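Just one chain is shown here, as structure tokens, and it is the form predicted alone.
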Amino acid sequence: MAETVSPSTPALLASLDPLLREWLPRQRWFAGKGAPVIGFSAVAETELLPSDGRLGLHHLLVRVHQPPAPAEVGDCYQLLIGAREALPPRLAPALIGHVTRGPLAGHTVYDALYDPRPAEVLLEALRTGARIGGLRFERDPGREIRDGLVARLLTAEQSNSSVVYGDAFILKLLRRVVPGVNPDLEIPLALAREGCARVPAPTAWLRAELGGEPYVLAVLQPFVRGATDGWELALRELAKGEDFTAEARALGRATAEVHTALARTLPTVTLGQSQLEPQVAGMTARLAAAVQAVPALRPYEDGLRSAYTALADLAGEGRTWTAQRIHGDLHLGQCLRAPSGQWSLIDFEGEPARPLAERRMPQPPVRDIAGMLRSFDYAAHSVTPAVPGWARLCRAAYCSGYAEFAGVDPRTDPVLLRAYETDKAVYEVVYEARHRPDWLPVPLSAVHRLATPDPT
């Protein structure tokens, strides 16, 4: 990809370099933890507010270089850098550092999304359809964006950052960006055209064209006022000992509505033996790597592999399946329940660590379903004392709700469901072993169940 920079960018980035080396690895959305940052290269820089006033605002796309990747390779991150002569106490959590040289010498720089004024500059640019440098602020002309909405940053984000504007809109700013068609904009736009109300329709979005390649940088959608995400709601009901099966059934129906709408509006493909072989090979390879990384998996290796060989055997007998565009990373935290009881699905970016082309590939809908079933299991293990049978009842209700709309119960294809749930549980084992060892018993309990040919 060609690097597109303004004349001041090399000096600006050079002056920020020592500050960013310290600040970036501490951010929750930074994916390169565990390896040192050895340098930066500029992809693009756009001045949104000049730094000769009280407040400067710079939009940066920066490539971060870390070993063992080659020097010319590195993840590209989107940064919104604010510059003030002095930082008020309310912005202390946003501090990046004090600049001693270069274009911003004498200024204190910080993550500008914490500051309502810079965040409101973004909304105004989206509202007016501005073009600033290489940035293209675009909007759906049929949807109104009021001016004067006060911005506030949501602090619970993980892989991206979100700003709420007056409880009317939410802007998701992608942090690690890659060229190409991003499903986080592509799929909600497609569902809006299809009239699917289960996904908030994009109101506006920020894009850039760099080196002849498109980048999606941010998406603005309606904010669901008073909504609770499915994870928080499930834990709340668990803590009270309340039944969650009605919500699980409604969530299953919502998932089926989204899958059905996606199958109508975007291409589907048929998976036979030749198409399924690479998927099974990938599952098998991930299992082998996981066993090497987590010895606790070793006693279950043969049983888990049988989930994949059983699927390959079915395909060898001539069985086929339909693949389509799906959510790609579905779990309780990706679902919102409005005060009306309506469930919505959000965050269609897929698993950010996977290549974009892979995230946009048609997949069997059961991959989403398996992710949600695993999420019920995680919720059940998150409260003490445990509620016996809670996850099993929720899993059954979710599948029943899905069948009510889709006309097909995922449990009627147990071989396919077991293979995808096994693949998810194996991934979870590796993740927990590396990042949250105390949680390792949760996926290991699923591994114990899934290693048998007929898991219940």
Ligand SMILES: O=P(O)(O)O[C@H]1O[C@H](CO)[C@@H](O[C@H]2O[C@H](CO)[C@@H](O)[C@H](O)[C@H]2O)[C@H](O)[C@H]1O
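Keep in mind that this is a model prediction, so the values were computed, not measured. Residue positions are given as counts along the sequence shown, with the first one as 1.
This next part talks about the form predicted in complex with the ligand, which is not shown.
Contact with the ligand, judged by heavy atoms within 4.5 Å in the predicted bound form, is confined among 389 to 397, 424 to 432, 406 to 414, 41 to 49 to 424 to 432. Contact here is defined as any heavy atom lying within 4.5 Å of the ligand in the predicted bound form, and by that definition each of His331, Arg374 and Tyr378 is a contact residue. At a distance threshold of 4.5 angstroms between non-hydrogen atoms, Trp439 is in contact with the ligand in the predicted bound form.
Under a 4.5 angstroms non-hydrogen atom cutoff, the ligand in the predicted bound form lacks Trp321 among its neighbouring residues. Contact between Thr108 and the ligand in the predicted bound form is not found at the 4.5 Å heavy atom cutoff. Mapping the unseen interface onto this chain, Ser159 counts among the residues with a heavy atom inside 4.5 Å of the ligand in the predicted bound form. Contact annotation for 202 to 241: a single residue, Trp231, has a non-hydrogen atom within 4.5 angstroms of the ligand in the predicted bound form.
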